[in-house]
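In the form predicted alone, a lone chain appears below as structure tokens.
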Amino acid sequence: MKKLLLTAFEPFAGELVNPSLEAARQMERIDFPDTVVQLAELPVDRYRAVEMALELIRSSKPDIVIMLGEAGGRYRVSPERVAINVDDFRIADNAGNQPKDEPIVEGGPVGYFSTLPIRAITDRIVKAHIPAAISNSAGSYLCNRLFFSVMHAITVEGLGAKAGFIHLPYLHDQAMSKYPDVPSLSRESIVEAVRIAIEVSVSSLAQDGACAAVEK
């Protein structure tokens, strides 16, 4: 059995829902063959979110970590390519933290690339007629901080998990209250996109394992 940790954030910036959490909760109702999916709801807190995620990764030792977050204003589901080593929060988080131009890891690398199969994930989501595109910037808010911190821990501690971040647009019910108009996706589309991301990631890991076995 493969173990997959799926993280999502609580609502923030005055929103009543967060598409990442809404989608993640639906994954608990889906049976993924030979895969155990663990859901982690993270606070929008600069310190606690990272601490909670890393504690779960170290204790449960997942094979795959998929981190989800909200990117209001985006038109597409966005698998992120890279996390950068900077905190520069446009708004305060739910705990009141608002760092400016601060490194996430002092003396750490400039960035980390996702180790999820982001091209295959994107192509499969688009094939399902859901807007999706690889993003080359995870921003500099808490989503990027979590992404960078998890990749750094996996690398430095040799945890061996494949990991990456996926940003999700607003849900329709969030966009209805926005002016001027902002893009959004249906709940069904966002849930399906996350389901596909999990399926493709697990399948890719299985293929990697099969290739390694053949090479031996």
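Computed from a predicted model, the values in this text were never measured in an experiment. Each residue number is its position in the shown sequence, starting from 1. Under this definition, the rigid core comprises the largest set of C-alpha atoms superposing within 1.5 Å between the forms.
Another form exists, predicted together with another copy of the chain; not displayed. Remarks below refer to it.
- Although the partner is absent here, A92 is not a contact residue: none of its heavy atoms lies within 4.5 angstroms of another copy of the chain in the model of the complex.
- Using a 4.5 angstroms threshold between heavy atoms, L185 counts as touching another copy of the chain in the model of the complex.
- Proximity of A132 to another copy of the chain in the model of the complex falls within the 4.5 Å heavy atom cutoff.
- Taking the partner from the other structure, another copy of the chain in the model of the complex has no heavy atom within 4.5 Å of any heavy atom of E28.
- Just one listed stretch, out of 28-36, 48-56, 150-158, 171-179, contacts another copy of the chain in the model of the complex at the 4.5 Å heavy atom level, and that stretch is 171-179.
- Interface residues of 26-42, taken as those with a heavy atom within 4.5 Å of another copy of the chain in the model of the complex (partner not displayed), are absent.
- After superposing the rigid core, the Cα of P180 is displaced by 2 Å or more between the shown form and the other one.
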